[in-house]
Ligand SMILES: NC(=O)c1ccc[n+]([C@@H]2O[C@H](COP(=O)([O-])OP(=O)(O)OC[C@H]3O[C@@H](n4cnc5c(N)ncnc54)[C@H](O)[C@@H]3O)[C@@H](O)[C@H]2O)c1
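Here we start with a single chain on its own, the form predicted on its own, put down as structure tokens.
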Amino acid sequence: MTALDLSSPVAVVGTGTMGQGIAQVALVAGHPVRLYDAVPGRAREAAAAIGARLDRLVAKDRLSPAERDAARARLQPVDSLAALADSALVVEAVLEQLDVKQELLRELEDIVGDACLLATNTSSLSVTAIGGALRVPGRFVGLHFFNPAPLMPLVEVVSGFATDVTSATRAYETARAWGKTPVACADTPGFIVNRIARPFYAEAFAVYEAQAADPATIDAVLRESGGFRMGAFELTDLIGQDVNEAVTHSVWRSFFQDVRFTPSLAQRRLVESGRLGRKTGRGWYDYTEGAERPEPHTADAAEPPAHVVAEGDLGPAGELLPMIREAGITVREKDEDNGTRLVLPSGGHLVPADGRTSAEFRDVVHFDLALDYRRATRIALSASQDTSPQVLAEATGLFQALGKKVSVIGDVPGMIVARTVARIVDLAYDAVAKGVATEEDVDTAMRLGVNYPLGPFEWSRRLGRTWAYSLLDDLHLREPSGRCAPSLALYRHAYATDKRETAS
């Protein structure tokens, strides 16, 4: 099954931000495009707005004047649904209400030809439920573009329960022909991105609610250690707290209030207060004129230790050892079966973040996961109230000697980056095991849809087969609500190789 021919008309119903963006994508690809909106005059306003954006593309040398003029000639605002009768594809981008979408699609089904592909750009509703209103639901598919549609490369092509394979394939190939990167997805709450991305926000909020760190510090650690482009608090301020919370609630309700997707009480209070982020001037941060952005907690300078003893395999943190030596600190390696740690001169232990707390041990300081310890500019440390100040000072001085800023946070198991990555990896394995998408498409979706530095399966391969499961299993013992309990899919992944090696 091939993509729609460029001579085939494409219609977009609903001319808000997403509708205009999708129309622009189809238009620039070469299709005749019809715009319809139920509000009189709005389709013409949208056409004018799209024309202005085409002018800007010409000014930026991304489109030639001739291409712009040809695109404008192909763009037609219409005043009735009947004018869409010969469309080969109709994409609806109307209000996110099931009954509104179903009524619209029933009308369209009586107007367009039998070969016309019908699609929805919904981000929160069930494609199956929307398509359930159709006589022929097999030709209905989800085409979930990301905002802004002309710039964001990802399109989730969502097959409802009744979607024909031929329809999904044609939609997939058409999105690819439009210059997008499509990923195939089953109809599940949140699809790929909004399902698997929930822990990025949830774990940051959980650390904040535990009073372990402030938003500025958590955001800085996610960016400067985890490699994420934005922290959870600044990103939700950009998205809009009401919008982000609504997606979380939608996924949570759709999974029958699965505890893994539980919304944040702190975010609820923010929404109730009207602090919705940048669009209202206040969110987690203050965006009013003259307001100062809070600085992340950064530890004062401390003396580095003269030497450390590396016991056991540091795993993902193993790259620290050559860095420590380069900083002029003596490293002695010692094989140990009872732990993974750096022993400091004071006798304290510096341990990679896991699902345990520092309070469980004497003079233990945990350090957080980094995407790349050499390139990271900040490292988070956590210690209990009983940890010796000398031990914490030595741990702080060690990372400062490596050129890192140090943020000391409260004693939370899994810290910030480690627990966030582990939970994202877990939801990714669970989604693939349940037939939502392939591993490759999940990684592609998370990199392109939310700009993660690595896809979940890339993270998993880098961190080791048992890393995420072990951390979450320990975390679940300490926070036994079930929210962080590792999935059966992650358990199977963690131990499958060990069993094969034993059998051989």
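What you are looking at is a predicted structure, and each value in this text was computed from that prediction instead of being measured. Numbers for residues come from their place in the sequence shown, where the first is 1.
Not pictured, yet referred to below: the form predicted together with this ligand.
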> Since exactly one of 101, 139, 195, 260 fits, which has a heavy atom within 4.5 Å of this ligand in the predicted bound form?
Replying inline: 101
>> Can you work out which of 465, 42, 447, 478 has a heavy atom no more than 4.5 Å from this ligand in the predicted bound form?
In response: 42
> Looking at 345-353, 122-130, 377-385, 285-293, which lies within 4.5 angstroms of this ligand in the predicted bound form, counting heavy atoms?
Replying inline: 122-130
> Does this ligand come within 4.5 Å of any heavy atom of residue 211 in the predicted bound form?
Replying inline: no
>> With the partner left out here, check for me: in the predicted bound form, does some heavy atom of residue 16 sit within 4.5 Å of this ligand?
In response: yes
>> Taking this ligand as it sits in the predicted bound form, is residue 145 in contact with it (heavy atom to heavy atom, 4.5 Å or less)?
In response: yes
> Is residue 363 close enough to touch this ligand in the predicted bound form, meaning at least one heavy atom pair within 4.5 Å?
Replying inline: no
> Does any residue in 86-100 get within 4.5 Å of this ligand in the predicted bound form, counting heavy atoms only, and if so which ones?
Replying inline: 93, 94, 95, 96, 100
